[in-house]
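Just the one chain here, the form predicted alone, laid out as structure tokens.
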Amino acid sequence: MSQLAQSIFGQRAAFYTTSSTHTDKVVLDRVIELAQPQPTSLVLDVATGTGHTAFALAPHVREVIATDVTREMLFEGGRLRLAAHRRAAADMGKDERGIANVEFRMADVHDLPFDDAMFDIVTCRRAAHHFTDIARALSEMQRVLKPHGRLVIDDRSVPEDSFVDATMNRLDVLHDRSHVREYRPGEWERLLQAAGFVVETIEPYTRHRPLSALTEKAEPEDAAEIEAMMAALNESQRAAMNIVDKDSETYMNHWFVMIAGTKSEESHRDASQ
């Protein structure tokens, strides 16, 4: 990821600790379900942020290594782990597994510092749209997975609609200048297959969110452009974005996608030769 992303997420790290989007239990539960964790599983959580996905998986597996390029994010994750440990210590009957078995490390998804075929599961949540080289990132995630190991990705997305695609990607650049691209479900399928994965599940879903979710942390000039873009939309464009004015605020669709796949045996053999 870029230095710009490190700078932006370093400034916003504390926000991600309590972000309702990143702590969404329904989504986290689905990640766990698709990951199919086992008590013996070794998991890599890529671009972990403050560790929400890692903490959700940890009670179900042997160990989670949670990586990120942003030191401040990892610090927040460590702080959450310490707070959970203290709560568990105060409750002698509570199982502490899922607290002690998360390890935070600095690492870039484009150059993961792990051996080939090391992990049973790799997860990546709400981060891939920031990766500067998505093909290389997927190749690295594939490389560190064991044969038939499982990959689960949850990320911002766009539908198979050129207007919505262009509009949402522009809005998210204005919201966060480290944004690279939100991919369509069809793009994800092609990218994963090219990286040596067998795609099992692609599940698009939406959340209806206020416009302030985009403008709140944007620079003033970028927030003004976001609002100007919304004001300039015609009726059919507003319908495509599912824009609704309610409670004195504008709401619109945000698109996401949940993906699960496995590392193909063929790709593992090719890498070994």
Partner chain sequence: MVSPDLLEILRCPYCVSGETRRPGADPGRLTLVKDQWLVCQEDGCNRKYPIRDDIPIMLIEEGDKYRATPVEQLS
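Treat the numbers as computed from the prediction; the structure is a model and nothing was measured. Positions refer to the first chain, counted from 1.
The same protein also exists as the form predicted in complex with the partner chain; that form is not shown, yet it is the one meant from here on.
With the partner removed from view, the residue among 148, 177, 105, 170 that has a non-hydrogen atom within 4.5 Å of the partner chain in the predicted complex turns out to be 105.
Scanning 165, 155, 187, 140 against the partner chain in the predicted complex with a 4.5 Å heavy atom cut-off leaves one residue, 140. Annotated contact segment (heavy atom within 4.5 Å of the partner chain in the predicted complex): 59-67, selected among 202-210, 233-241, 46-54, 59-67. In the predicted complex, residue 116 approaches the partner chain with a heavy atom inside 4.5 Å. For residue 129, no non-hydrogen atom is located within 4.5 Å of the partner chain in the predicted complex, even though that partner is not displayed. The closest heavy atom approach of residue 181 to the partner chain in the predicted complex falls outside 4.5 Å.
Not displayed here, the partner chain is kept clear of residue 191 by more than 4.5 Å at the level of heavy atoms in the predicted complex.
Annotation for 210-229: no interface residues with the partner chain in the predicted complex [heavy atom within 4.5 Å].
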